[in-house]
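As structure tokens, one chain now follows by itself in the form predicted alone.
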């Protein structure tokens, strides 16, 4: 057990968690980051571009990773989870479980294990748009930069082929889960968000109608390190779509699914319309919306997109998404609420602006906390010394989440001062 009395635990290694951890560590605290995925970077790593500068995530993430590498007060665990918490502010005992990666620190990311691996898995990083080998590198600038073996995808004894192919003895098939305990003065919850299951929205056709994808799948199609090398191609035949519909509030603001606004969806679809238009100036983007919510300075971005002649903004609720008979194209039925007319149109691809669900909805914290019916943490009712950040409290964009994380780092440092 570690007994350092100047330690903060950060649960979640996405942009919010990294920001909170780095701010606290650079202020003198010892910080432990716990991340359930095999890499740090979270959802931001999966974006093509993010606001406000519309730059690729590699920029911001590389800065954060460099700060992390240079700071001896930071320790991180990937493929890890918190399984037990006890104590109070200034004296929390936290038990972690570290799940096996089956690849040790000798890994040079040469890729020999993946070349030899006979098993495949769906690529969760690309939201199932492609497959990788069971031995895989999560993404091209993954941190830590080493391979991982997905044991759930392995065939009996197939790991031996990966082991035999590795010249550096980096494959360790005997790894087992480990537990460890840290004593910390404060805890920051930065578990982030999950994408709502679009298959639950029966009328929008996800999983049933060809070429209906989610907004995060669109990010991966547009990204240079995505499954298509940055070319926006529809999944059914890998042809570039000329006419794409963006359906807003897919599940959000709907009492049958997510009763709240997910905050980022309007901006995400406007941004993705620019991806399409930049790749193909002859393409068309049709955005079906209830109302467009572009807070603060983002209003100017909306005006820019609105004035593009290749972008059509349609105020209307989509009632149904269907497959065109004998074709990979998609038919949308909607009501234009501005005119009162029923609209029926055909598109090459449909992108659903699916909402955000707090990670605590499916994975509650390892001690009793107060949540809203939607799974968001109620910050006012958190125990002293525990702080939630970003989208665990409400839907937020990257910038506001990072600002919130800086505030949580300061509060955690104050908690340490009370020990």
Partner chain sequence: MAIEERKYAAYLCKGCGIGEAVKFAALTKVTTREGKIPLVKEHDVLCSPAGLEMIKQDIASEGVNCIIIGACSPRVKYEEFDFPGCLVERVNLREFVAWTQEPNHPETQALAEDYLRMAAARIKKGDLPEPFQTECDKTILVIGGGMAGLSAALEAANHGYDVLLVEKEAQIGGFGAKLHKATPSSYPFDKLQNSPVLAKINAVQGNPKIRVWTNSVIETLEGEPGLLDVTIKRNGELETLRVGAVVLATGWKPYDATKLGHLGYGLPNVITNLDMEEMAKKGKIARPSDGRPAKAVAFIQCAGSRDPDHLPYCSDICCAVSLKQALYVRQQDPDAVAMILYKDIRTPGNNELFYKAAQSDPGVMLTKAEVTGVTEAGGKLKISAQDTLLGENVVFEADLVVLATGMVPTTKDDPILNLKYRQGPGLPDLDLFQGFADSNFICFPYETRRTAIYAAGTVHQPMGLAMAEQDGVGAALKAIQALEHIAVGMAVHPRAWDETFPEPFLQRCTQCKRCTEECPFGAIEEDEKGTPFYKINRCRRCGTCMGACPERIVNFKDYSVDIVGSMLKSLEVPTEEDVEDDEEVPLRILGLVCENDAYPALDAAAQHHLRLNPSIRFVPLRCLGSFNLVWVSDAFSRGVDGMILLGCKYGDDYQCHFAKGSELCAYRLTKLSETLDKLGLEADRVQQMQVAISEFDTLPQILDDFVARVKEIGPNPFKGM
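Because the structure is predicted, anything quoted here is derived from the model rather than measured. Residue numbers count along the first chain shown, from 1.
Note that the form predicted together with the partner chain isn't included here; everything after this is about it.
Trainee: Taking 4.5 angstroms as the heavy atom distance cut-off, pick the stretch from 203-211, 283-291, 154-162, 240-248 that is near the partner chain in the predicted bound form.
Mentor: In short, 283-291.
Trainee: Report whether the minimum heavy atom distance between residue 66 and the partner chain in the predicted bound form is within 4.5 Å.
Mentor: Close contact exists here: in the predicted bound form, residue 66 approaches the partner chain to within 4.5 Å, heavy atoms only.
Trainee: Look up in the predicted bound form whether residue 193 has a non-hydrogen atom within 4.5 angstroms of the partner chain, and give yes or no.
Mentor: Judged by the heavy-atom cut-off of 4.5 Å, residue 193 is well away from the partner chain in the predicted bound form.
Trainee: Classify residue 365 as contacting or not contacting the partner chain in the predicted bound form by the rule of any non-hydrogen atom within 4.5 angstroms, answering yes or no.
Mentor: No, residue 365 stays farther than 4.5 Å from the partner chain in the predicted bound form.
Trainee: Taking the shortest heavy atom distance, is residue 108 within 4.5 Å of the partner chain in the predicted bound form?
Mentor: Yes, residue 108 is a contact residue.
Trainee: Quick one: from 98, 233, 173, 302, grab the residue that has a heavy atom within 4.5 Å of the partner chain in the predicted bound form.
Mentor: Flagged contact: 302.
Trainee: At 4.5 Å, heavy atom to heavy atom, what parts of 53-68 sit next to the partner chain in the predicted bound form? List them in sequence order, or say none.
Mentor: 53, 54, 55, 56, 58, 59, 60, 62, 63, 64, 66, 67, 68, in sequence order.
Trainee: Residue 404 and residue 52: their C-alpha distance differs by 3 angstroms or more in the predicted bound form. Do they come closer or move farther apart compared with the shown form?
Mentor: Result: farther.
Trainee: With a shift of at least 3 angstroms, figure out whether the C-alpha spacing between residue 22 and residue 52 grows or shrinks in the predicted bound form: closer or farther?
Mentor: It is farther: in the predicted bound form, the C-alpha atoms of residue 22 and residue 52 lie at least 3 Å more apart than they do here.
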